[in-house]
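A single chain, nothing else alongside it, follows as structure tokens in the form predicted alone.
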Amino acid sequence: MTKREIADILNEIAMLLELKGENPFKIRAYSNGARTLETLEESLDDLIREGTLGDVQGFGKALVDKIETLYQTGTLEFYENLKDSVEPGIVSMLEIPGLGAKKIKILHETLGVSSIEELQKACEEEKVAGLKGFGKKSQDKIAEGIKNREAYGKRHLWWRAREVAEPILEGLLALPEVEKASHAGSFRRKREHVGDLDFIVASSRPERIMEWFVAQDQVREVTAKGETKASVRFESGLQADLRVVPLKQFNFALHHFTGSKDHNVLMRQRALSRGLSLSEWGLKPVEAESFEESSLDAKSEADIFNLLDLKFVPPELREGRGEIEAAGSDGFPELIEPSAIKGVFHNHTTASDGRSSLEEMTASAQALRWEYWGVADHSKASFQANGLDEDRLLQQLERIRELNASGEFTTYIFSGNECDILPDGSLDLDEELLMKLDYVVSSVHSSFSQSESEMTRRIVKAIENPATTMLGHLTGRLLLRREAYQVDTQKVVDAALANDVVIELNANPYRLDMDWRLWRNAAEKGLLTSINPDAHAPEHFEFVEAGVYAARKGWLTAESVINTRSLQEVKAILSRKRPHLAD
């Protein structure tokens, strides 16, 4: 078992102990042990082989024994027994935003609540509002969280759905009976989350294709199966639909089932204005009796648009948000591609809550052939993330300077910090210290319940701070987990423009924040973004791809994205607030 997997189990043990109301010191020992293990720079293999794991500060004998057992066997009886001792329904309540182990324990002990269903009933009967430490506002928030959880359960992050969708498409394309195949639906449009997957296949021999599709690994249920259509549900709950059509119909079906509904309505209206009828079956004169005999030929999707006097609309833009008007006039800007990214900002190391060292992250950035990357560990107010105080930040800054001067890496390291925006809008660290860094990502991590006016004033004040270079995850949302806090995004965008502040597009698949729907207008005003992975481990650098797709949905070009610039160009931009970078 890996170091990370063991740390995850230790964190879960701490959570289960808290649900059971165990001694706080015992709970803290496991959570601190997990944190120490995550940030351990020494090799766990070596420490266990040499018998020196107990020399690590904070690791007592009991914890060492459990870590070694998990490392060597992959199981731990204590952990399994602990899981069995806590009702699954109680653990599932942790999925409700804002409901932690302490509050769940109170609800369970005072109201006898042991499941989400029982908690929902308690909220409906106004029992939660009467508990000490809760009140009507907390009750309403819990009820809303339960409602959202039900809705969230029907959706799947695009990033996670991709793990299912891509192997299916590869498998379809490998079948000799398949002439063409493609994803469709919201997955092809790169929506941030999807309800299901759609696949369109061209073939005159569908039988074996249908058999292959329903017999895939991980298929939990075959919900429908006909001669040319099938639906399956996977272990994750994700549903996938397959349609097999004749080759002549393929591009029309692909366009139709890619959607969106709003886009399709506009396209049908466009066709009717030219005396044509457009559907999944083809494009024909309105007066023609059938598509089969009268459909115009389309050897590609681009041909469909051409037949309607339109330029090709990239799938990401097919949302009924002005793409038809653009396609009928000047067309589209050259949308950003993943290959345009030359480096990233807003990343974390083991100095705060990251899982890899400064050197390991730099080596990974170099392996991606990035010209630069930026370190932005948390500031001290994010104590839960082991945020850096002034002394630790200065030590990190010195280490970054040493590495850049050593020539050990060809990828340049920018020194930064993800500095908390405190409830009053001030930053968590002194301006004088922050100005010694190359950049600062200012972010909200607390007091999410402020009113829209309070939150807007708070963020605008932080933007106006001369030390702020970028604004991190504007709305604080966690897709399918937590709703955005209330904030006037247009006022924030205007403040960023007035103060030469970049608003990031946080590429973490759970964030994708600022939302793609806001970017076209903001970029037209001149706002710059940085597509940042918010990486806590080297593999998180891959999140950039999700961020680029969100940027494309926002009609963004490489010119609107600061981290498509070369190292020297980025230094020149940052030097507007940090003159030392112009040296």
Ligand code: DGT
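Heads up: residue numbers just count along the shown sequence, starting at 1. It should be emphasised that the depicted structure is a prediction, and the values quoted were computed from it without experimental measurement.
Keep in mind that the form predicted in complex with the ligand is not shown, yet the notes after this line are about it.
Check your understanding: Among 100 to 108, 253 to 261, 300 to 308, 420 to 428, which stretch has residues whose heavy atoms lie within 4.5 Å of the ligand in the model of the complex?
Key -> One stretch meets the cut-off, namely 253 to 261.
**Study point:** Close approach of Gly185 to the ligand in the model of the complex, 4.5 Å, heavy atom
**Key:** Heavy-atom contact with the ligand at 4.5 Å: present for Gly185.
Practice item. Answer yes if any heavy atom of Gly195 is within 4.5 Å of a heavy atom of the ligand in the model of the complex; otherwise answer no. Key: Yes, Gly195 is a contact residue.
Check your understanding: Within a 4.5 Å heavy atom cut-off, is His445 in contact with the ligand in the model of the complex?
Key -> Flag for His445 set to no.
Point to revise | Close approach of Arg155 to the ligand in the model of the complex, 4.5 Å, heavy atom | key: Arg155 belongs to the contact set for the ligand.
Practice item. Scan His348, Arg477, Arg189, Lys342 and let me know which has any heavy atom within 4.5 Å of the ligand in the model of the complex. Key: None of the other options qualify; the answer is Arg189.
Check your understanding: Quick one: of Lys180, Lys229, Lys380, Arg268, which gets a non-hydrogen atom within 4.5 angstroms of the ligand in the model of the complex?
Key -> Spelling it out, the residue with a heavy atom inside the cut-off is Arg268.
Check your understanding: Which residues within 61 to 76 place at least one heavy atom within 4.5 Å of the ligand in the model of the complex?
Key -> Heavy-atom contacts to the ligand in the model of the complex: nothing from 61 to 76.
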